[in-house]
Ligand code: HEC
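What follows is a single chain, given as C-alpha cells, in the form predicted on its own.
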Amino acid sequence: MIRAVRRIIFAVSLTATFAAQAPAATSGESLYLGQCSFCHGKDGEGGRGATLQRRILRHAPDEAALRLVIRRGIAGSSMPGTALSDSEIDQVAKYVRSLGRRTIRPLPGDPNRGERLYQGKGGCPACHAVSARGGSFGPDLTEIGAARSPAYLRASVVEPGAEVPRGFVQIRAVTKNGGQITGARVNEDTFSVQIRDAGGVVHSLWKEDLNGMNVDLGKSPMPSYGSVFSKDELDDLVAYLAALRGTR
C-alpha cells in the first residue's frame, strides 16, 4: 500500500514538473499567437502590421529596442503597447527573433517584370513614390515590402477599399458655391481642412466656407486593379512590391 502511494506521489510530482516546464518552451509562441499574429501574421509574414521575417527590424534593431517596442508600441502607428510582464515580453521578443531566422518561401512572379508593370501599365508612380521618385497622393512604397505581407499587398491592389491605410481616408468637401473637392485628408483642425487631390494638389479650405464634408469610410481614392492585371501580372507586381524594403 505504501509503495503504491509512493508511486502515485512520484507520478504526480513528475507530471507537475513537466507541466511547469512545458509552457516555458512555448509561452513566447503562445503569447505571440494570442496578441500579435492578428496584425503580424501567424508566421510573422505581416499583414496590417509589419513583417517580422527579417533579421533586423526597422524599429527594433537590437534586443533592448525590441522589448521597448513590445512594451510601449510605436507612436503615430497602429502598433499599441502591452501590459505583459517583463518575463512575458522577454519570451515574446525571443520568439519574434526566431521568426527572422526562418527561411522565406519564394513568391511566384518576377519582380523585374513587376517593376515594369508598376511603372507602365499600372501607372502607379503618378500617385506613389519609391525612393523619392513618384507622386505623393498615395502612401510612399519605398519600404512597403517590409511593412506588409504579400497577401495584404495583393488584396490592396485588387480591393483597395477593404482596408484604407492610416492617413489616407477619402474626403469629399462641398463648397458653398457648389464645387466639390475629393481626395485624401492631409490635415484637419477645428477651423480648416487640407485635402490632397489625385493630381497631388493640396487644397486648404476653411470649414465655414463649406456646405458639407463627407468622410467616405471603406472607400479609397485608389481604383481597383483586379481587372487591369492578369493573375500572372498580379504575381509579378506583388513580387516587386514585396521586394521594396528600402534597399532597391
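Numbers for residues come from their place in the sequence shown, where the first is 1. Just so we're on the same page, rigid core means the largest C-alpha set that superposes within 1.5 Å between forms. A quick note: this is a predicted structure, and the numbers were derived from the prediction, not measured.
Unshown form predicted in complex with this ligand; subsequent notes refer to it.
Taken together, the three residues Gly49, His59 and Pro160 all come within 4.5 Å of this ligand in the predicted bound form, as judged by their closest heavy atom. Checking Asn214, Ser192, Gln35, Thr182 for any heavy atom within 4.5 Å of this ligand in the predicted bound form turns up a single hit: Gln35. The shortest heavy atom separation between Pro150 and this ligand in the predicted bound form exceeds 4.5 Å. Within 4.5 Å of some heavy atom of this ligand in the predicted bound form lies at least one heavy atom of Cys39. This ligand in the predicted bound form is approached by Gly123, whose closest heavy atom lies within 4.5 angstroms of it. Taking the partner from elsewhere, Gly109 is found to have every heavy atom lying beyond 4.5 Å of this ligand in the predicted bound form. Although this ligand is not shown here, in the predicted bound form the stretch 187 to 202 places no heavy atom of any residue within 4.5 Å of it. With the core held fixed, Ala126 shows a CA shift below 2 Å between the shown form and the other one. Relative to the superposed core, Leu33 undergoes a Cα shift smaller than 2 Å between the shown form and the other one. With a cut-off of 2 Å and the rigid core superposed, Ser77 has a Cα displacement that reaches or exceeds the cut-off between the shown form and the other one.
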